[in-house]
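Presented as structure tokens, the chain that follows is alone, the form predicted alone.
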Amino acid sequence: MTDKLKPLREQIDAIDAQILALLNQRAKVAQEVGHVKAETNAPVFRPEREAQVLRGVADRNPGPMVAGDVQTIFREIMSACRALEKRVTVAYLGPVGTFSEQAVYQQFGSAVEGLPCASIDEVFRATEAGTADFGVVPVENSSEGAINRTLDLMLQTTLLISGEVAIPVHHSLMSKTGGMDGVRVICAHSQALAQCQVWLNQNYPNLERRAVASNAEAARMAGEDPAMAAIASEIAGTQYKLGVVKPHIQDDPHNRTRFAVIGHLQTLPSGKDQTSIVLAVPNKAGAVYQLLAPLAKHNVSMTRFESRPARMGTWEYYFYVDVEGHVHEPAVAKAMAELKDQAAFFKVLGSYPLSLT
């Protein structure tokens, strides 16, 4: 076997040397790009450009590596090269070990500076103040729907959505000992408790369920108190030295959460984009139907429609709408102009590349 493996390993070593040389060659070109950007004060992170690169390598990939793995490798290459220009700081709902942190690295790669925040509100504040270059916030879950606090803050902020990322959400029940003896309380974010309620009702119906700021915070608390168990990701469990009682306890095996990347950057078209808007309609019969007519008129597809109370005590609502395309595309631009003219309130939250996952 050794005789057969030796020439193959020599081939791999030679290929690795070529890869290393090409990586550094790419990094040098990326540094030159950084110099040009510095002259014009252009942003380091261009999500539309990175989305085009990742789609391109997937389309050109001949195999045997699967497209998703190739994209992961190239995302890390771009992240490392970007860090040679400037290490981007990204705020997220902390502490370390949350699904929000996973979304950060899935979007930006690992060569970024993560800034864990105590709440979604603080993610917005840090990004608005410039403490972070970008923020990553949860928008909706496939099982429980919209993250209402994020929608409310989107209405108020001057920040724009510049990207989205969707990740699978697998919840595990964990404790300090890896067992449930002596456990009196199960902690998690309210969304996670809701996503696991059927399993919890069947297995631990009599234990107290306590909502906390995040699943990672629940893991941290469980790591300090043997009377507590946490519902969190296994990454968070490893971070806080917990043992797994039961993996994958979410009621929906296909459970996913969609996150938005927020910042001051207005992205350019990438070729496969989405535009998010929020609007309100005059209080009259057929107003919503009439308001959305421009989308059909200009053949713009609506992919999401979510309502939130306006909190004015008059049973009025804001409508959060996602449509296919970028505001710089003629059809979308015409539809947006007509919507703005007809709406009682209108705001573009951002145009950005569609998630690759």
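A residue's number is simply how far along the shown sequence it sits, counting from 1. Whichever C-alpha set is largest while still superposing within 1.5 Å between the two forms counts as the rigid core. Here the structure is a predicted model, which is why all the values come from computation and not from measurement.
There is another form of this protein, the form predicted together with a further copy of the same chain, and it is not shown here; the text below is about that form.
Legend entry - a further copy of the same chain: the contacting residue among V278, I77, L265, A146 in the predicted complex [heavy atom, 4.5 Å]: Flagged contact: I77.
Legend entry - Heavy atom of A337 within 4.5 Å of a further copy of the same chain in the predicted complex: Residue-level check for A337: no, no contact with a further copy of the same chain.
Inset, instruction - Although a further copy of the same chain is absent from this view, report whether A293 comes within 4.5 Å of it in the predicted complex, heavy atoms only. - result: Answer no; every heavy atom of A293 is more than 4.5 Å from a further copy of the same chain in the predicted complex.
Inset, instruction - Answer for E140 alone: is it within 4.5 Å of a further copy of the same chain in the predicted complex, judged on heavy atom distances? - result: Flag for E140 set to no.
Inset, instruction - Find out whether any non-hydrogen atom of D341 is located within 4.5 angstroms of a further copy of the same chain in the predicted complex, and reply yes or no. - result: Judged by the heavy-atom cut-off of 4.5 Å, D341 is well away from a further copy of the same chain in the predicted complex.
Inset, instruction - Specify the contacting stretch among 198-206, 182-190, 112-120, 147-155, defined as having any heavy atom within 4.5 Å of a further copy of the same chain in the predicted complex. - result: Single hit among the candidates: 112-120.
Inset, instruction - Counting only non-hydrogen atoms and a 4.5 Å cut-off, give the residues of 30-54 close to a further copy of the same chain in the predicted complex. - result: Residues within 4.5 Å: A30, Q31, E32, V33, V36, K37, E39, T40, A42, R46, R49, V53.
Legend entry - Rigid core superposition, G271 Cα moves 2 angstroms or more between this form and the one not shown: Comparing forms between this form and the one not shown, the G271 CA shifts below 2 Å.
Inset, instruction - Spell out whether the Cα of V104 moves at least 2 Å between this form and the one not shown when the two forms are superposed on their rigid core. - result: No; V104 is a residue whose C-alpha shifts by less than 2 Å between this form and the one not shown when the cores are overlaid.
Legend entry - Core fit, then H170 C-alpha moves 2 Å or more between this form and the one not shown: Passes the 2 Å threshold, so yes.
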